[in-house]
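One chain is shown next in structure tokens, namely the form predicted on its own.
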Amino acid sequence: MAGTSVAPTPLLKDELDIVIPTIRNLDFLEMWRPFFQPYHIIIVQDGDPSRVVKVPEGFDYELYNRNDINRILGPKASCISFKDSACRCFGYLVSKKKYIYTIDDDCFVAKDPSGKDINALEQHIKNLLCPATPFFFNTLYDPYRDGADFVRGYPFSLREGAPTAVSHGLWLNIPDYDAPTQLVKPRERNTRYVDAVMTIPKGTLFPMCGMNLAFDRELIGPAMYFGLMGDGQPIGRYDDMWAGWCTKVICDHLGLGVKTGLPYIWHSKASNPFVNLKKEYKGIYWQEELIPFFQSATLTKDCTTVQKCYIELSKQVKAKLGHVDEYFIKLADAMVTWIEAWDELNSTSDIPKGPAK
């Protein structure tokens, strides 16, 4: 019929899951409805499994609580954190999609400098579908974006780039600071919108934040384990950091790219810095040994899959970090359990599901 328009099919509509960890009702989804409603959502409910989490009408979702995690994983459920947003990685386990986007429930739609709402998911997808440049830095940032290209002096042999495994987004308003920085700068807000996407160079680590993150599950999924955090553990708020360090070492080994920059989300509230300090203080101390460990970590030529890389890394964690604290021996064992669970749940299409909605 003349004059009618058909809405375009959202990118990767049937190939991407949105994973959200939560302890509260998901009213925040109303703001994201124009961007998220076409996609399938996996909700991982933390804390009391008897509490009812309300989800706005019209979303296609599955919700898993701790009882579901225990039922599906059995004894292997010990590798999934409790009372910590690290539980989100259970959603990565049960997803059957090629791509994952994960977001926190205190993150809202941001606006670009023109005042237009930012479709964060769409930008992440663009980042993942375009190559990365981990082997040689392009000073004009992402050469595959419209209006950009490789600059003079960039080797032609490297211009095809590498597959992008991770897209790491940023935040306006409340910055992702550690507790000491929060205490020193309690009123600081990030108002700088930088219109750039760049590939993190090979051999360079970065602090990965899990509140606005997308990745190619088929390329790097088994490395996206958010560790043992929260209830019963001596550390918290390092779940995404741990996953990021492990993932970057493995991406470097396998020749995969990690991007950071756009898109932005609006981080709406600051967590309590005194509570955060209690969770972080051992990590702040330990990371002075953790970072050199990951900087020097090497994987053998036999490590040809993400799973093999991760198992090898777990052995090195136990051997080289066990002296720091016995926690790392426990964590290394959990890394192995995670891979066992990943292989078990991803070896068949008949994965036990939570209550579909």
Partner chain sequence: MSQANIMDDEVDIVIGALHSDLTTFMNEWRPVFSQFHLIIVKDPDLSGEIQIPEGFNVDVYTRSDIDRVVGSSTSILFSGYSCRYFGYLMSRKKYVISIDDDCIPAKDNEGSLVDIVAQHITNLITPATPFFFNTLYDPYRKGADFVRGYPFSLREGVTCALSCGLWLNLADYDAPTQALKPELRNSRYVDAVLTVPVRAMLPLSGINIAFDRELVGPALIPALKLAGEGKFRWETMEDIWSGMCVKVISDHMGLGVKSGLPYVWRNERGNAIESLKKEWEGVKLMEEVVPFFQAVRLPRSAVTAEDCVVELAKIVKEQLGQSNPMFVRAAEAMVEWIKVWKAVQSG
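Numbering follows the first chain given and starts at 1. In this text, all values refer to a predicted model and were calculated from it rather than measured experimentally.
Another form exists, predicted in complex with its partner chain; not displayed. Remarks below refer to it.
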Inset, instruction - Please state whether every one of the three residues Phe150, Val194 and Asp240 places a non-hydrogen atom within 4.5 angstroms of its partner chain in the predicted complex. - result: yes
Legend entry - Residue contact check: Trp245 to its partner chain in the predicted complex, 4.5 Å heavy atom: yes
Inset, instruction - Look up in the predicted complex whether Asp216 has a non-hydrogen atom within 4.5 angstroms of its partner chain, and give yes or no. - result: no
Legend entry - Distance check, Asp178 to its partner chain in the predicted complex, heavy atom within 4.5 Å: yes
Inset, instruction - Consider Glu160 of the chain shown here, and say whether it contacts its partner chain in the predicted complex, taking contact as heavy atoms within 4.5 Å. - result: no
Legend entry - Option from 74 to 82, 217 to 225, 138 to 146, 90 to 98 whose residues, in the predicted complex, bring a heavy atom within 4.5 Å of its partner chain: 138 to 146
Inset, instruction - Could you spot which one of Lys269, Lys185, Lys116, Lys278 gets a heavy atom to within 4.5 Å of its partner chain in the predicted complex? - result: Lys185
Inset, instruction - Please pick, from Val249, Ile103, Leu170, Leu121, the one residue with any non-hydrogen atom lying within 4.5 angstroms of its partner chain in the predicted complex. - result: Leu170
Inset, instruction - Counting only non-hydrogen atoms and a 4.5 Å cut-off, give the residues of 286 to 302 close to its partner chain in the predicted complex. - result: Gln287, Glu288, Ile291, Gln295
